[in-house]
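Coming up is one lone chain in structure tokens, specifically the form predicted alone.
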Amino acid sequence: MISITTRFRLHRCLTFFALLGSSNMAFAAEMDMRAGVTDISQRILQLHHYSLAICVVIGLLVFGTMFYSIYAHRRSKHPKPATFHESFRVEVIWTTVPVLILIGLAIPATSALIDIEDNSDADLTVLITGSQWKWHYQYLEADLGYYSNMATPEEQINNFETKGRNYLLEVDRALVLPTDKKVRFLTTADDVIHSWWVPDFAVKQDAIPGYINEAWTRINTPGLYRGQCAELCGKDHAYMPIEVEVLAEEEFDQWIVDQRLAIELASGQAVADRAKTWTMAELIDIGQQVFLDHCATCHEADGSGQGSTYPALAGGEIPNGPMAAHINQVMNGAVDTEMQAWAPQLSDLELASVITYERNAFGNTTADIVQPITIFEAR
């Protein structure tokens, strides 16, 4: 009969090994590839486990044989060396077995790759364009598009505020997709190479200027999924997150309707903005916020710039020169520089206000006012 002390010690041992096993399982789950929310992502995970299992078995056999040979035929035992020089049977075995292993790996991997590259019969196509440092999404069938910018506050980036849970992974407008629909992605770029990567979808596709790459996904579960640009694309590469909101099909259809209505309302507001004569104070107030949201990253909040790559606006040639040249550079960008074309991204009022702000801030005293109607006529 087992004593109480012995049973207590046995219980402690079993508890220890149970905790050790559970912690190892938790560690393995944390370090493993994520399963994702698509059939393709889960197939990739299964292929990973399958390949890893084969590698583990091979490793155990090879190292087991090696360690056994070292021990069983060590010098102290004075083993008698084998007299044969070569064995046809052994050579056949160690040639055939690796070939069979490669075939066993190639068949499921090739099947998965064929499905990954099958972009046909899509229910929805989204053109994704990367630019420094934001994404533009265009729903080709719905004729709807918008820019997606990082929404993490500058105060968190500069350590003036506590960093949020989704630090550097939040955007002002997420890409919205439906569940249970085959979505085809077309990726390209305006300037340098970017890479659109959402781990939960097992989609990572380079966005290359002048080229169109393809990928696809079919998402099974509604939710909010995050990713990042995965190609070093310049100074603010770390500030180019991806956010995808996945809705049920009916909710997605309603979202498309709501977006079209919002565009109509914005168009009506733009007409009203062009009809109004704005004061300098009104334009500067709006322009300051536009500058901080879109321009301060390169030109600094105080307009001091960052060397020749991002020239200073304080006392700069452009904001103190001819107004027409200033308007043209802000709207259409500058060739062979990182100065973007802001005409497709900002409204007439936003463009007019930020140009007015730049010409009358940072010590610049041109006293020039740009009205939205001037931007409208310049488009």
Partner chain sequence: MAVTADHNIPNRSPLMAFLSRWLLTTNHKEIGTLYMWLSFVLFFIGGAMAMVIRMELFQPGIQFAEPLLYNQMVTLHGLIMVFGVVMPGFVGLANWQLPMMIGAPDMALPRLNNFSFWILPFAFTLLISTLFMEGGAPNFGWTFYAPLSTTYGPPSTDVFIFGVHLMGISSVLGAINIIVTIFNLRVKGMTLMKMPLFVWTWLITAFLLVMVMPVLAGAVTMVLTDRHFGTSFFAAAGGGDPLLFQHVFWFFGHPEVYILILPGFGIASQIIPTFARKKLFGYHSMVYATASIAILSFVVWGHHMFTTGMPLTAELFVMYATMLIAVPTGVKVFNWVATMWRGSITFETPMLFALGFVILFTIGGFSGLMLALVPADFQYHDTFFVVAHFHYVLYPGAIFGIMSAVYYWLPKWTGNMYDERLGKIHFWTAIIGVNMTFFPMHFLGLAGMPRRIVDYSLQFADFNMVASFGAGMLGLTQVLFLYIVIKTIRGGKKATGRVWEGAEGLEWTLASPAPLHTFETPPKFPTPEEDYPRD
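Residue numbers count along the first chain shown, from 1. For clarity, a rigid core is taken as the largest C-alpha set superposing within 1.5 Å between two forms. What you see is a predicted model, and the numbers here were worked out from it, not measured in a lab.
Not on display, but discussed next: the form predicted in complex with the partner chain.
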| query | finding |
| --- | --- |
| Contact of Leu113 with the partner chain in the predicted bound form (heavy atom, 4.5 Å) | yes |
| Exercise: Tyr147 in contact with the partner chain in the predicted bound form, heavy atom 4.5 Å | no |
| Close approach of Glu231 to the partner chain in the predicted bound form, 4.5 Å, heavy atom | yes |
| Distance check, Asp302 to the partner chain in the predicted bound form, heavy atom within 4.5 Å | no |
| Selected contact from Ile327, Met33, Ala312, Ala341, since only one has a non-hydrogen atom within 4.5 angstroms of the partner chain in the predicted bound form | Met33 |
| The single option of Ala275, Leu261, Val99, Ala248 touching the partner chain in the predicted bound form, heavy atom within 4.5 Å | Val99 |
| Option from 175-183, 288-296, 188-196, 253-261 whose residues, in the predicted bound form, bring a heavy atom within 4.5 Å of the partner chain | 188-196 |
| Stretch 292-325 - residues with a heavy atom within 4.5 Å of the partner chain in the predicted bound form | Gln306, Gly307, Ser308, Thr309, Tyr310 |
| Core-superposed comparison between this form and the one not shown, Arg165 Cα displacement 2 Å or beyond | no |
| Threshold 2 Å Cα movement between this form and the one not shown for Asp285, core superposed | no |
| Residue shift check between this form and the one not shown, rigid core fit, Asp143 Cα at least 2 Å | no |
